[in-house]
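Before any questions on how it binds or moves, here is one chain, the form predicted on its own, in structure tokens.
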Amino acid sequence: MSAGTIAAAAGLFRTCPVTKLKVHRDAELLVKVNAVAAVLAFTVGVSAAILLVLTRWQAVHLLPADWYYRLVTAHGLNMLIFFIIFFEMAILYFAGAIMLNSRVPTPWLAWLSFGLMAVGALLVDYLVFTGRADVLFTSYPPLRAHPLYYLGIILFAVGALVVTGLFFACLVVARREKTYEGSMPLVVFGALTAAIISVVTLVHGAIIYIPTFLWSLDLEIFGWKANVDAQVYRMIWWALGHSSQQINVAAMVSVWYLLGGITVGAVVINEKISRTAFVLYILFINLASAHHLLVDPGFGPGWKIWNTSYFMYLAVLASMIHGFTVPAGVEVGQRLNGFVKGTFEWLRKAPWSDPGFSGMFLSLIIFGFLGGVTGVTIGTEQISIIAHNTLRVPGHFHTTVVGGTALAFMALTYYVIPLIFRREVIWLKLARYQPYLFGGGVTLFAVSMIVAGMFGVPRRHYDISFTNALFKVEYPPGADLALAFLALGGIVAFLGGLLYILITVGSVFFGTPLTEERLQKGLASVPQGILRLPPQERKEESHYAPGTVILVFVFLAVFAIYYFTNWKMLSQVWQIG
């Protein structure tokens, strides 16, 4: 008898009544605690966000300078690192154990790693909010935080690295114990991609944060004193700071494929092509980190152009592949469901009232049309000179990390609650509007940031009017209007985030326990994919997706217009003749 059979006999597994997957008890608990930790970090981050928005709005200018920079630090860490990575750890346990009907090897190590991550996050937040780590998200030297700040980040990273190792071990156990048939599911392959990128990312974090920790101690040992070169720090740190967002991209795309399948029965158009795109992420996506260094004088133009063009374009190609295959798979699935009239009936009659579907599709649109277009553009060496350190940069990554990844994770949450926590979703009618509220707010917020950045409004700066400065700074009239819309979008997004928190926490702790009887009778307050799971295996073969082809050409037109508009703006800066 195999170890997996013994574990099942001992009652360590349950069978999900919806997906029919075998759910390992430890895997289920680990998904729960990591998801809860992610929502807690999101709560801290979104609370800081609304205060920053009301400070960025010059008409209000809420916070004093010290608290502004303190909350910029807290917001970045809790949203970009703690929320996202805790949720990704939950995804790794879900993909590595539950989707493969397998178990988590060495559960004690998994719980130890969660403890390291939790302690690290709490330690960092404590030091930030007590004013001993006002160094912003990037913590560039010579800015120096309390040594425990760096130690907290190291503990968090070590814990995440251990979870990644356990995910690889899950794959080995599942293969050895033959808990699934055929090749690895595409969603699991996407999670594997995220895990591989996370190893590269976290190793770079260790390379730079360990010497920075020693530097912060200001110790001298046998005449040797730790020192950190500012330029070396920037180069290696961005292999952590930006690459950690590439983990998000791989995880987010995996969530798109997963939600497409469980909401409308989306078809994987060509699994080999989709897997190849994930491999391109592994090989080339980390090169995008270089676009943060395009104005640094210490790097030559050859290094900059090579890293932000030739090889990075292969990662862009990967995103474009997923940007086609995901909506095309949804279209084919919908056509197989009977929505075959015209070019866009499949889209018009999609389950837009299902927050899992609407959140997923809005995430896809926002990430592609706004995040992808702006990212490739400001990643061009010449154009970067007019975008660097303006609000265009946070405008870009709010469309990718917030409008893309965070919204996709929110959409997944509405299925995690009934499938993993086995609770019904409270306020389901309100939950149907939450992705639109959050996605719409983030879109208005981010686009307003991008427009304000085009007017030259700087990023991060507490007082863009430079009060009491020896020089006078004036912006075009449109800058004030852009900042007002920035505030409006931020407030709407905050309300959408607050609604997500209330629904999630309320469902987990106060939601009605989900029973098979209520599911079978259709009485459960859950997304429609839980009540009527679409067929996950299709006998029909069809690659007919004319609607998606039209959407792709619209995207390419938007891309071309925005890209060449930036070259026109650059030509006006570089007056020739």
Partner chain sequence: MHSGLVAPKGIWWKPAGRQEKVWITVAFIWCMVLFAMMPFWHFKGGQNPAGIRHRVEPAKYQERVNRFVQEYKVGEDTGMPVVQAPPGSELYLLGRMWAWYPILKLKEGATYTLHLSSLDLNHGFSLFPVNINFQIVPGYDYALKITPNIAGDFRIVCNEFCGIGHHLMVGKVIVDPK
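Positions refer to the first chain, counted from 1. Everything quoted here is computed from the prediction, not taken from an experiment.
Note that the form predicted in complex with its partner chain isn't included here; everything after this is about it.
Comment: its partner chain is not present in this chain, but in the model of the complex one of A157, A387, I84, V104 has a heavy atom within 4.5 Å of it, namely A387.
The partner is absent here, but in the model of the complex a heavy atom of K472, alone among K472, R348, K341, K429, sits within 4.5 Å of its partner chain. Contact here is defined as any heavy atom lying within 4.5 Å of its partner chain in the model of the complex, and by that definition not a single one of V401, Y433 and E516 is a contact residue.
Residues with any non-hydrogen atom within 4.5 angstroms of its partner chain in the model of the complex fall in just one of 281-289, 179-187, 358-366, 440-448: 179-187. In the model of the complex, at least one heavy atom of L258 sits within 4.5 Å of a heavy atom of its partner chain. Interface residue remark: V425 is not counted as part of the site for its partner chain in the model of the complex, having no heavy atom within 4.5 Å.
Contact between I378 and its partner chain in the model of the complex is not found at the 4.5 Å heavy atom cutoff. In the model of the complex, its partner chain stays beyond 4.5 Å of every heavy atom belonging to V172. Contact annotation for 317-338: residues with any non-hydrogen atom within 4.5 angstroms of its partner chain in the model of the complex are L317, M320, I321, F324, V332, listed in sequence order.
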